[in-house]
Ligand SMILES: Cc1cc2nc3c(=O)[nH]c(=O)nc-3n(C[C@H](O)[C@H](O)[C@H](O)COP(=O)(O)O)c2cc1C
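Below you'll find only one chain, the form predicted alone, shown as structure tokens.
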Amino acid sequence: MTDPSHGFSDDLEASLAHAFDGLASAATDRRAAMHTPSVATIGLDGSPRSRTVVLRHFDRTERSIRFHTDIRSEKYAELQTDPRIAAHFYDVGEKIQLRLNGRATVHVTDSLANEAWAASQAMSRHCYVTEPAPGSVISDGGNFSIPKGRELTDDGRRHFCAVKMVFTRLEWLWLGSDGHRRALFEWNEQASTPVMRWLVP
């Protein structure tokens, strides 16, 4: 991403385009600052729950992001109960924050999940063979098993889930040295273009 201090700091459409460019880059470049966002769900007890995930895909046309999880995890159970979800991205170099709100769908046995699994590297696939299940209470920190090595395995496929989030709200914040900027973009079901507003930072 380029220096945001010129060209779009006072242009809503350009600010949104720059945010989308950042998400696209983060989905393909593991060194990108926004490659590991935080996502928040509603816990089974009604409390907020957040964790870091790896951004695997971004589609600007349908306004969706995708990350992966284990069906044995708490977030899978939470999204099965309540699909509302939020994601938080921050690029420390550009001082840009993105906050996304929307709904998630979970994909376990369909073509989206199959394609996501096929594109996963060995070290990612190995995470889904962990025993016991993620979040299980263990007697000491290392009392679990996980395969090592570079060989691809399908042993964890049964535990793999692709989570797709379609967002209808994006809040953009830039901490500029000559004045901060904050904007809100909201989409409804019928409109392809968002309602755009400036906010006080």
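All residue numbers refer to positions in the sequence shown, first residue = 1. Remember, it's a predicted structure, so these values are computed and weren't measured experimentally.
Heads up, the form predicted together with the named molecule isn't pictured, but that's what we're talking about next.
Undergrad: Heavy atoms within 4.5 Å of the named molecule in the predicted complex: does residue 73 have any?
TA: Yes, residue 73 lies within 4.5 Å of the named molecule in the predicted complex.
Undergrad: Does the named molecule come within 4.5 Å of any heavy atom of residue 36 in the predicted complex?
TA: Output for residue 36 is yes: heavy atoms within 4.5 Å of the named molecule.
Undergrad: Though only this chain appears here, would residue 169 touch the named molecule in the predicted complex if you measure heavy atom gaps against 4.5 Å?
TA: Flag for residue 169 set to no.
Undergrad: Mark residue 63 yes when one of its heavy atoms lies within 4.5 Å of a heavy atom of the named molecule in the predicted complex, and no otherwise.
TA: Flag for residue 63 set to no.
Undergrad: Using a 4.5 Å heavy atom cut-off, which of 137-145, 51-59, 25-33, 171-179 contacts the named molecule in the predicted complex?
TA: Stretch 51-59 is the one.
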